[in-house]
Ligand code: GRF
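In the form predicted alone, a lone chain appears below as C-alpha coordinates.
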(Lines give C-alpha, C1' and ligand atoms only; values in the text may rest on other atoms or scores of the structure.)
Protein backbone atom coordinates (compact mmCIF):
# COMPACT_ATOMS: atom_id res chain seq x y z
CA UNK A 1 0.00 0.00 0.00
CA UNK A 2 1.29 3.44 -0.91
CA UNK A 3 1.76 5.92 1.93
CA UNK A 4 -0.15 9.15 1.44
CA UNK A 5 1.11 11.85 3.79
CA UNK A 6 -0.59 14.92 5.16
CA UNK A 7 2.06 17.40 6.32
CA UNK A 8 0.93 19.78 9.07
CA UNK A 9 2.86 23.06 9.36
CA UNK A 10 2.71 26.43 11.10
CA UNK A 11 5.70 28.37 9.81
CA UNK A 12 8.20 28.77 7.00
CA UNK A 13 8.06 25.14 5.95
CA UNK A 14 11.70 24.27 5.25
CA UNK A 15 11.14 20.75 6.65
CA UNK A 16 7.93 20.48 4.65
CA UNK A 17 9.69 21.45 1.42
CA UNK A 18 12.54 19.05 2.17
CA UNK A 19 10.07 16.17 2.66
CA UNK A 20 8.15 17.01 -0.53
CA UNK A 21 11.36 17.12 -2.58
CA UNK A 22 12.73 13.95 -0.97
CA UNK A 23 9.66 11.93 -1.99
CA UNK A 24 9.17 13.49 -5.44
CA UNK A 25 8.86 10.62 -7.89
CA UNK A 26 8.64 7.99 -5.13
CA UNK A 27 6.64 4.85 -5.86
CA UNK A 28 5.99 4.32 -2.14
CA UNK A 29 5.15 7.78 -0.77
CA UNK A 30 2.88 10.52 -2.04
CA UNK A 31 2.33 13.90 -0.41
CA UNK A 32 -1.44 14.27 -0.30
CA UNK A 33 -1.80 17.71 1.23
CA UNK A 34 -0.08 20.38 3.29
CA UNK A 35 -2.23 21.70 6.14
CA UNK A 36 -1.40 24.93 7.98
CA UNK A 37 -3.10 26.52 10.94
CA UNK A 38 -1.84 29.92 9.75
CA UNK A 39 -3.01 31.47 6.48
CA UNK A 40 0.24 33.45 6.13
CA UNK A 41 2.58 30.48 6.71
CA UNK A 42 5.30 30.49 4.03
CA UNK A 43 4.97 26.70 3.94
CA UNK A 44 1.78 27.21 1.90
CA UNK A 45 3.77 29.10 -0.75
CA UNK A 46 6.38 26.33 -0.77
CA UNK A 47 3.64 23.72 -1.27
CA UNK A 48 2.10 25.71 -4.13
CA UNK A 49 5.50 26.14 -5.80
CA UNK A 50 5.97 22.36 -5.63
CA UNK A 51 2.45 21.64 -6.96
CA UNK A 52 1.19 20.12 -3.72
CA UNK A 53 -2.37 20.80 -2.62
CA UNK A 54 -2.69 22.82 0.57
CA UNK A 55 -5.34 24.16 2.90
CA UNK A 56 -5.70 26.27 6.02
CA UNK A 57 -7.38 24.86 9.12
CA UNK A 58 -7.27 27.12 12.16
CA UNK A 59 -6.36 25.74 15.58
CA UNK A 60 -9.99 26.25 16.62
CA UNK A 61 -11.27 24.35 13.56
CA UNK A 62 -8.76 21.59 14.29
CA UNK A 63 -10.24 21.20 17.77
CA UNK A 64 -13.91 21.74 16.94
CA UNK A 65 -14.59 20.73 13.31
CA UNK A 66 -13.61 17.07 13.04
CA UNK A 67 -15.57 16.69 9.78
CA UNK A 68 -13.65 19.53 8.07
CA UNK A 69 -10.30 18.14 9.19
CA UNK A 70 -11.05 14.57 8.13
CA UNK A 71 -12.45 15.63 4.75
CA UNK A 72 -9.32 17.75 4.15
CA UNK A 73 -6.97 14.82 4.76
CA UNK A 74 -9.19 12.16 3.20
CA UNK A 75 -7.13 9.39 1.66
CA UNK A 76 -4.08 10.18 3.77
CA UNK A 77 -2.84 7.38 6.00
CA UNK A 78 -0.05 9.21 7.86
CA UNK A 79 0.32 12.69 9.32
CA UNK A 80 3.70 14.38 9.55
CA UNK A 81 4.10 17.36 11.88
CA UNK A 82 6.81 19.60 10.43
CA UNK A 83 6.87 22.62 12.70
CA UNK A 84 3.17 22.39 13.63
CA UNK A 85 2.41 24.24 16.85
CA UNK A 86 -1.20 23.43 17.89
CA UNK A 87 -1.79 20.36 20.03
CA UNK A 88 -3.09 17.46 17.95
CA UNK A 89 -6.63 16.60 19.08
CA UNK A 90 -7.32 13.18 20.57
CA UNK A 91 -9.68 12.16 17.75
CA UNK A 92 -6.80 12.36 15.23
CA UNK A 93 -4.49 10.40 17.53
CA UNK A 94 -7.17 7.71 17.85
CA UNK A 95 -7.78 7.58 14.07
CA UNK A 96 -4.04 7.52 13.23
CA UNK A 97 -2.47 5.35 15.95
CA UNK A 98 1.34 5.32 15.59
CA UNK A 99 0.85 7.17 12.29
CA UNK A 100 1.35 10.76 13.42
CA UNK A 101 5.04 11.66 13.48
CA UNK A 102 6.57 14.81 14.94
CA UNK A 103 10.04 16.29 14.89
CA UNK A 104 11.25 18.22 17.93
CA UNK A 105 14.39 20.41 17.97
CA UNK A 106 15.95 18.95 21.12
CA UNK A 107 16.92 15.64 22.66
CA UNK A 108 13.66 14.84 24.41
CA UNK A 109 12.74 14.61 27.21
CA UNK A 110 14.95 17.68 27.63
CA UNK A 111 13.42 20.97 26.49
CA UNK A 112 10.02 19.63 25.52
CA UNK A 113 6.44 20.45 26.41
CA UNK A 114 4.32 23.59 26.40
CA UNK A 115 6.09 26.66 25.05
CA UNK A 116 9.11 24.67 23.90
CA UNK A 117 9.29 25.19 20.16
CA UNK A 118 11.65 26.83 17.69
CA UNK A 119 13.90 29.51 19.09
CA UNK A 120 12.55 29.03 22.63
CA UNK A 121 14.17 25.59 22.64
CA UNK A 122 17.53 26.83 21.35
CA UNK A 123 17.60 29.66 23.91
CA UNK A 124 16.85 27.18 26.70
CA UNK A 125 19.58 24.82 25.48
CA UNK A 126 22.06 27.72 25.49
CA UNK A 127 20.95 28.95 28.92
CA UNK A 128 21.38 25.44 30.37
CA UNK A 129 24.96 25.24 29.09
CA UNK A 130 24.33 21.99 27.21
CA UNK A 131 27.32 20.43 25.44
CA UNK A 132 25.12 18.72 22.87
CA UNK A 133 21.65 18.99 21.41
CA UNK A 134 19.83 17.46 18.50
CA UNK A 135 16.49 16.34 17.19
CA UNK A 136 13.94 13.82 18.33
CA UNK A 137 11.55 12.19 15.90
CA UNK A 138 8.63 10.63 17.76
CA UNK A 139 5.09 9.37 17.50
CA UNK A 140 2.45 11.79 18.75
CA UNK A 141 0.29 10.90 21.72
CA UNK A 142 -2.04 12.99 23.87
CA UNK A 143 0.84 14.50 25.89
CA UNK A 144 3.04 17.21 24.35
CA UNK A 145 6.40 15.82 23.20
CA UNK A 146 5.96 12.60 25.20
CA UNK A 147 5.15 10.10 22.46
CA UNK A 148 7.31 7.04 21.81
CA UNK A 149 10.71 8.02 20.41
CA UNK A 150 11.53 6.76 16.94
CA UNK A 151 15.00 8.27 16.50
CA UNK A 152 17.34 10.88 17.94
CA UNK A 153 20.32 12.53 16.28
CA UNK A 154 22.90 14.56 18.20
CA UNK A 155 25.26 17.40 17.48
CA UNK A 156 28.04 18.79 19.69
CA UNK A 157 27.81 22.35 20.95
CA UNK A 158 30.55 24.81 21.70
CA UNK A 159 30.36 27.27 24.62
CA UNK A 160 30.59 30.03 22.00
CA UNK A 161 27.48 28.86 20.09
CA UNK A 162 24.65 31.38 20.12
CA UNK A 163 21.00 30.30 19.98
CA UNK A 164 21.17 31.07 16.23
CA UNK A 165 24.23 28.80 15.87
CA UNK A 166 22.37 26.07 17.74
CA UNK A 167 19.35 26.54 15.48
CA UNK A 168 21.54 26.18 12.38
CA UNK A 169 23.12 22.96 13.68
CA UNK A 170 19.72 21.50 14.54
CA UNK A 171 18.34 22.53 11.14
CA UNK A 172 21.12 20.58 9.41
CA UNK A 173 20.13 17.48 11.37
CA UNK A 174 16.47 17.98 10.43
CA UNK A 175 17.27 18.29 6.73
CA UNK A 176 19.55 15.23 6.77
CA UNK A 177 17.41 12.85 8.81
CA UNK A 178 13.68 13.61 8.94
CA UNK A 179 12.73 12.40 5.42
CA UNK A 180 14.89 9.27 5.77
CA UNK A 181 13.24 8.33 9.08
CA UNK A 182 9.79 8.86 7.52
CA UNK A 183 10.83 6.58 4.68
CA UNK A 184 11.99 3.89 7.13
CA UNK A 185 8.67 4.07 8.98
CA UNK A 186 6.70 3.84 5.73
CA UNK A 187 8.74 0.81 4.68
CA UNK A 188 8.02 -0.89 8.01
CA UNK A 189 4.29 -0.19 8.34
CA UNK A 190 2.89 -0.01 4.83
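Numbering follows the first chain given and starts at 1. A quick note: this is a predicted structure, and the numbers were derived from the prediction, not measured.
The same protein has a further form, the form predicted in complex with this ligand, not shown here; the description that follows concerns it.
Taking a 4.5 Å heavy atom cutoff to this ligand in the predicted complex, the contact residue among 76, 88, 103, 108 is 103. The shortest heavy atom separation between residue 11 and this ligand in the predicted complex is within 4.5 Å. Within 4.5 Å of some heavy atom of this ligand in the predicted complex lies at least one heavy atom of residue 82. For the stretch 167-187, the set of residues having any non-hydrogen atom within 4.5 angstroms of this ligand in the predicted complex comprises only 174.
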